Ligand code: NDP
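Taking the form predicted alone, here's one chain by itself in structure tokens.
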């Protein structure tokens, strides 16, 4: 029987770890004995997450509050922490967001910039800063994509474009690292009940909640479970892609809603 690759004793960088998928992934990794480097813009939430993971699971946790959109800050934060990159086994590129639900003709270019800069360029900046060290350790790159990287929907042109880009970058990166032992994994969730909708609708929780009305969506823990499973496969196995959907969703716009 082929041995799995346990998380215990490894070290993972998780971006966007202050809520949602990133927080759930960090907590799941910590529960399995994986040391953490957690990143997000909200330093207070990172510190709380770090305290709880240390106290509950006895793992080491480094907090790095920065915005992945700022290339110089990304490089400085990751290279100025002694031993951080040399000890890294896994990078989870989770930081990302959607903003608004407008057609291109009325969309806000500032929203477009923020989505592209975070979802695509931020992922590239973090990956590039870490990749040579992951090659040295035959580590893992996990990119959090979306069903929107396969199927577009009205008002989602730019967000979908960023997630198509994540899929393309994941596929291309496997060619770049071929022969090094680095695995590139793209986990692509469908409807999931996190802060995603509140962020998209800029604080309008009622509108965000309406997206999930009558639906049993994914939870952040479901995504964390998929990520943990993928990175613990035997070293010769690369789960290249996981399209993870709630049972109530057949496709981006095909959703079963209960009326009672």
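Keep in mind it's a predicted model, so treat the numbers as computed, not measured. Residue numbers count along the first chain shown, from 1.
Missing here is the form predicted in complex with this ligand; even so, the following discussion is about that form.
Proximity to this ligand in the predicted bound form, defined as a heavy atom within 4.5 Å, singles out one entry of 233, 54, 207, 41, which is 41. Taking a 4.5 Å heavy atom cutoff to this ligand in the predicted bound form, the contact residue among 34, 192, 224, 49 is 192.
Contact check for residue 127: no non-hydrogen atom falls within 4.5 Å of this ligand in the predicted bound form. In the predicted bound form, at least one heavy atom of residue 19 sits within 4.5 Å of this ligand. Though the partner is left out of this view, residue 139 does not reach within 4.5 Å of this ligand in the predicted bound form, counting heavy atoms only. Using a 4.5 angstroms threshold between heavy atoms, residue 120 stays clear of this ligand in the predicted bound form. Stretch-level contact check against this ligand in the predicted bound form with heavy atoms at 4.5 Å: of 104 to 112, 127 to 135, 68 to 76, 173 to 181, the positive one is 68 to 76. Shown without its partner, the chain has 94, 95, 96, 97 in segment 79 to 104 as residues with a non-hydrogen atom within 4.5 angstroms of this ligand in the predicted bound form.
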